[in-house]
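We begin with a single chain expressed as structure tokens, specifically the form predicted alone.
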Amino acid sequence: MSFSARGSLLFSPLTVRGLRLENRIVLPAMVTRLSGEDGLVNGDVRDRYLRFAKGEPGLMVLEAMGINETRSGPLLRASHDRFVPGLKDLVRELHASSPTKVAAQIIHFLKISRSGWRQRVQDLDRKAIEGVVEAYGDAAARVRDAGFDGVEMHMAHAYTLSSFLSRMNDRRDGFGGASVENRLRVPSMALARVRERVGPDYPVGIRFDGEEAIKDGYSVGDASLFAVRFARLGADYVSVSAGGKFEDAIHVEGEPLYPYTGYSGDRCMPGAGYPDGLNVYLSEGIRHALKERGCHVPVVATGKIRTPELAEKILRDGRADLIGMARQLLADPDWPRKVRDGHADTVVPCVYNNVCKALDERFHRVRCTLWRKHDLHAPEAPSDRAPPVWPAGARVTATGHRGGVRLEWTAATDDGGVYGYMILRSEADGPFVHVDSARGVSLRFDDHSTLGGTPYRYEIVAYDLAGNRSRPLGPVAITPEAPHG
């Protein structure tokens, strides 16, 4: 990689309601499933966020904290004063270890059962709605008391405030229906209450869907109006997600609905088969609408943004003000520091196979498939600069396989062990491009994104735990057979 942080927008500071972020990289809230059923901060939670903090993103948003007492498995909580001491200790350690600013995301969710039944916003009476609003205000006050630098309200995906915003909300009492104003009413009440409780000087962010990605759901037009309302009510940034809805979730008998199993779940966390930056058009449209109306609120873009070049281009093109990276920072929490310090070529790239999402679905502790087998957190990168080497006679082979190309190669060696392999591909004598990665235990890769009759060349690059790259193994050339008929 040739990226230079000098003079980049990505590594320029940004001030949000008096809070200075040292760079434009945001770690969005990610479920970890590391807390117990009690919702308290424990050693595993502490270690996960201290590991993220070592990478020094500009802003780190801690995982969604429940603000109601409904059971939901292992989830941090901000629903009672008893949770404040543990959160306060965690924030104190994070501030002592890193210049990263730390916000807490707070979330309200409705009940679901293993039968497939789920409570809907249409089921809430006025008293229950007022309870949701008060719960957001109370939780935000606790977050401020705990010493967080800001609070982020979760209004995305399948959860309560997002469901009020949804076009699937067909309430007829002024809290739903076809009217954008009515669907905004409860989220607006909650935001106003949060602002009242935390005061005028405290950063408040909103995470919401730029598009529902379901049949008859809303898209960027409605989302732009939501963002304008949030800005006018005092939101200090908006973080744009997509999808993650119950409406297209796949129901597995005996298991509660998981809102990331349908197409809308793919849009929320685009996997390897989707293009990089899939959802950036949403942040772009929302940012344009805000500026048109004189609302200068920073917008966070998310959705498979993994390279500094892409992140910088998004900022330069005015499509966002901040760059959210979740799975890439899970794979390599040191990404911001490596790129800033001129070591972008040692970043461990995410492979976007969404094993992390599958673990969350099963209420298992979330980890990255690229980590070593027994690691609960991203391993610490050693300081060595010696790259893996290929043994004498090492080779890579390419054969046609099930309409694509199968690559197999000789294992590389490294003093600390090979962490992974990068697969580079050239099409029709063009430049080599990184198309995917394989774990260090893998010596085979199937490329199903080829066209018969097109000549390809492949190289394999091994990398170690520190991200040091070997020399390329290869190239090997192959022209897959074109279909007959």
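None of the values given here were measured: they were computed from a predicted structure. In this text, residue numbers run from 1 along the sequence as written.
What comes next is about the form predicted together with a small molecule, which does not appear here.
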| query | finding |
| --- | --- |
| Contact flag, Y352 vs the small molecule in the model of the complex, heavy atom cut 4.5 Å | yes |
| 4.5 Å heavy atom contact, G303 to the small molecule in the model of the complex | yes |
| Q105: touches the small molecule in the model of the complex, heavy atom cutoff 4.5 angstroms | yes |
| 4.5 Å heavy atom contact, R327 and the small molecule in the model of the complex | yes |
| V418, M30, M422, L50 - the one with a heavy atom within 4.5 Å of the small molecule in the model of the complex | M30 |
| Contact residue in the model of the complex, from D360, D236, D321, D414 (heavy atom within 4.5 Å of the small molecule) | D360 |
| Joint contact, R120, V186 and I206 to the small molecule in the model of the complex, by non-hydrogen atom at 4.5 Å | no |
| Proximity to the small molecule in the model of the complex (heavy atom, within 4.5 Å), stretch among 425-433, 39-47, 22-30, 453-461 | 22-30 |
